[in-house]
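Presented below, as C-alpha cells, is a lone chain in the form predicted on its own.
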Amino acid sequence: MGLVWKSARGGTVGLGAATLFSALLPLAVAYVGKRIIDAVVEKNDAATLRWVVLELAVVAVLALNTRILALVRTIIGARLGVDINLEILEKAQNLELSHFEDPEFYDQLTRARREASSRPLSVVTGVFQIVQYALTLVGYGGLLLNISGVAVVGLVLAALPATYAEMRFSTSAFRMRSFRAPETRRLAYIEFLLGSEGNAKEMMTFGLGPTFLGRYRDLAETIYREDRALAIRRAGWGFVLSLLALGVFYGFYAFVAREASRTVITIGNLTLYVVAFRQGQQAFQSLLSTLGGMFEDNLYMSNLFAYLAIPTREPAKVEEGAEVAAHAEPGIVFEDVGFRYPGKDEWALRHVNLRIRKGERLALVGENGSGKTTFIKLLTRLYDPTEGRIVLDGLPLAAYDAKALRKRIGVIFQDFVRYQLSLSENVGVGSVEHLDDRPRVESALERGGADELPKTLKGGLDASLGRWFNREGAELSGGQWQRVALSRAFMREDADILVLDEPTSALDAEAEQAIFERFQELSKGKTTLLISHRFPTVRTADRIIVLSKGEIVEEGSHEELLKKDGRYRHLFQLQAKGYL
C-alpha cells in the first residue's frame, strides 16, 4: 500500500472511489430488474418503461465506472512499474562488488525484478476488491435473509474448498518459480549467447549454435513440463470443487422456483433471489479468490522486500582529509593486508606490506591468479580488506567517502565496458560531471592515443559505437576500443592516482610504445599503478612488485630483479624466448 500510495496518491483515491461504485451499482441493477418483472406481471406499461429506462441509466453508469476503473489501474500500474524498477536499480547502485560476483545475488535480483512492478498494484487492487465484494455480499446477503438463512450459510460454505485449494496451488507455483531462478537466468544467458553480435563469430566458426540450442530446448522443455503438470492439477481440482458450488446454487434455485410456483413469492422476487444468490455466490468466490491472489502476490513481494533489505556499506564516519596524522607521509600504505573473497576459504592476498610513495610509478607482475587485480580492487575500495588496512595520505581508506575517493583515481580495467553510446559519451563517462565537456573529451582522446578516431568515424565525436541501437554504428577493433577505454581514464584530470590493468593488451607494438611514451609524460607527478604481462612495458616503472599466490615475493627495479635468480627473472626469460 505504501509503494502504491507513494507513486500515485490521486490514482489510489480514484481507485477507491471507483471500487465503491462497483460494489453498489450491481445491487441497484438487481433491484431494478425485480421492479421491471413485477411491473410486467401487473401489466403496468408506464411503470415498466420507467424502470427499463432507469436500468439503462444504471447499467450505463456501471459500464462507465468499469472503464474508469480499468483506466486508473492501467495508469497506476505504469507509474508503479517505473518507480519500482527505479528503486531496484537505485538499490543496485549502493551494493558492493561482492554482491555482483555472487550467483545467489543474481537469483535474488531475478526474483525481485520478476513481476515486481505488477504485484504491488495487484495487492492494492485486491484490497479494494475485497471491500467491493464484501459490500456486494452484505447487500445480497440481506436480500437472501428474507427468504432463507440457510441459503446464506450455503453460499458461504460452498466456496471455501475451492479457495483453499487455489491458495495451496499458489504456494506451490511460487516455490517452484522461486527455486528455479538459476534455470531462468541460464535460459536468458543462452539467449544472449545465441542472439548477440559479440558472440556470433564464435557461434558460427565453432558451430556452437545446435549445441546451445539443444541445451536451451532441454531446459525450456523441463520448465514447460513442470508448469503444465501444475496447471493441469490446478484446473482439475478447480473444476471438481466448482461443482460443489454449482450444486448448492441449483439446490437453492429449485427451492425458490417451487416457492414461486406455489405463489408464496412473486415472479419478480424469484428473479431477485436467483440473481442475488448467483451474484452473491460469485462475489464471495471472488472475495476468497482475491484473498488467495493477494496471498500469492505477497509471496512474490517478499522477494522484492528481501532484495531491498540487503544491507549496504555504512557511509564513512570520517570526512575526507580529517584526522590526518601531522607526520604522515603522502602516499599509499598496505599494512599486513589480507583478503578472501566471500564464501572462499583460500586467500586471494595475504600479508601484503607495501608503501607506495606519492608520484611513484609502480608495476605489478605475476601469473594469472596471483592477486594483481584483487590488489587494485582493494585500492579502489571495491572491496575492504579481510584483515589489515590500507592508508592513503595518513588516513585509513575506510574513513574516506567512497565516491570522493574514487574521484581521485583514474582507472582502466582489463575487462573494460564497451558502451553502446557515442564516441564522446564512451570517453566522457570517465568523469560523469564533464560528460558534455567536448574540449576535455578531445584532450582525453589525445592523451589516450585515440585522437584520430573522430577524424575517421562518420559523425566524429557523435559517432555511435556498436550497432545494438544504430544500424550505422561504428564497429571498432579491439585496439581501438582499448584506446577509447584508456582515454576514459584520462578524463579524470584531477585524479592523482592512475591505475591501469593491462591497458595495452590489444595494441600492436608500435601503438603500445607510442601510448607509453605519452603516458610517462602525462603521469608525471601522479602515483601510477600498472598491471601488465609485457616486460617492455613494466621495465619503465620506478619499482616492480612481483606477486605469487597472493603474496609479495620480490620487489625492485627491472635491473635489480634481473640480477636475482627469482620469479621475475624466470618470467622475463620465458617471455624473451618468444622473440628469439
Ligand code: ADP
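Numbering starts at 1 and runs along the sequence shown. Everything numeric in this text was worked out from a predicted model, so none of it was measured.
Absent from the display: the form predicted together with the named molecule. The rest refers to it.
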Counting any heavy atom within 4.5 Å as contact, can you tell me which stretch out of 405-413, 200-208, 364-372, 487-495 lines the named molecule in the predicted bound form? 364-372
Given that the partner is absent here, does E101 sit within 4.5 Å of the named molecule in the predicted bound form, heavy atoms only? yes
Close approach of A348 to the named molecule in the predicted bound form, 4.5 Å, heavy atom: yes
If you check in the predicted bound form, is Y307 within 4.5 Å of the named molecule, heavy atoms only? no
Interface membership of F105, the named molecule in the predicted bound form, 4.5 Å heavy atom rule: no
Decide yes or no: are F535, R567 and H570 jointly within 4.5 Å of the named molecule in the predicted bound form, with each residue judged by its heavy atoms? no
I need to confirm a contact call. Of R111, R119, K377, R483, which residue comes within 4.5 Å of the named molecule in the predicted bound form, counting heavy atoms only? K377
I need to confirm a contact call. Of Y419, Y216, F255, Y341, which residue comes within 4.5 Å of the named molecule in the predicted bound form, counting heavy atoms only? Y341
